[in-house]
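There is one chain below, alone, in structure tokens, taken in the form predicted on its own.
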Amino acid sequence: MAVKKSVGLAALLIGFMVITGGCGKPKKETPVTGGIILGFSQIGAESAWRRCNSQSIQEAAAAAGIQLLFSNAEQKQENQIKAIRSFIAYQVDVIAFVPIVADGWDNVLQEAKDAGIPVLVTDRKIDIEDENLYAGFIGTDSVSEGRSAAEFLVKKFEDRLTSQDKPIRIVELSGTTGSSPARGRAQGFREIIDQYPQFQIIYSESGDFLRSKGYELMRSVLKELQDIDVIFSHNDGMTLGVLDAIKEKNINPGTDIVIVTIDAEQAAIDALIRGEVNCVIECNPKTGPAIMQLAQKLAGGDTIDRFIHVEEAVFSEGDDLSSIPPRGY
């Protein structure tokens, strides 16, 4: 691969940043002098979680001495496909990306394979006909996260599950339609609650993982539905919007309505400590160091494990929350 980087770097950097250190600080456009080049397509900066994820990747690349071409897709798959094709044209050593949705990657990943460039999928999984088009995945286990949310509810409502009490009515705010976290969290959640007929999902709608949409959906729900027992939100961003809407109606979150959320942003942990949220499932964004290690292996021609899931915790009411270190996001 010694000759592939002879093309001037500046000519191929329109639409993405060259980063060698610090969060969001683009380096001046200078020729590459050697070392591994990683092209990374991020879906956007829609939440504190996502911004921390990007920062972790940028800082880890700098620490590893990896030249990082970083592209923000602004929540559009077509922008990600364009960025990946730019990485292929530049002939980077490795491509990594967070797929905004699970489907629609076959053609561009075939192009990467034809160019001899290994691809690492991170954070969100993809559905693809030929799994050999990408080298492996590293990220969270969304199905397990959904199960953890439901398992908390089983414990929380243990008395009602063993009685003939009225149904336990659940409102679900799901993530971006077609994304693997939304699919996995919904799947894992239902694997558990479907075992108990007392649980009833009375409303399920996508809030695109956005605080603003969580707020809008919750305002609409509170106008239309009564006797809500549980809100299961697929991420903290939407949950914070939910809390805003609930408080406007003088409803006590965490007491009048049980709230379970995923991500473990600092704001959600603070709400848990205040008693406004009942359970927070961690979705670890700090995957940068592991991604760089995998990129180095792939650039050296090594194979990696097919699926690597990062460690995550569950924080709930009744836990000793004083020992939780600052989240950093």
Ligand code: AHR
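Position 1 is the first residue in the sequence shown; the rest follow in order. Bear in mind that the values here come from a model prediction, so they are computed numbers and not experimental data.
The following text describes the form predicted in complex with the named molecule, which does not appear among the structures shown.
The contact residue chosen from 146, 139, 181, 207 relative to the named molecule in the model of the complex is 181, the criterion being a non-hydrogen atom within 4.5 angstroms. With the partner removed from view, the residue among 47, 287, 55, 278 that has a non-hydrogen atom within 4.5 Å of the named molecule in the model of the complex turns out to be 47.
Under a 4.5 angstroms non-hydrogen atom cutoff, the named molecule in the model of the complex lacks residue 239 among its neighbouring residues. The stretch that touches the named molecule in the model of the complex, counting heavy atoms within 4.5 Å, is 228 to 236, out of 228 to 236, 85 to 93, 197 to 205, 162 to 170. Interface residues of 262 to 278, taken as those with a heavy atom within 4.5 Å of the named molecule in the model of the complex (partner not displayed), are limited to 263.
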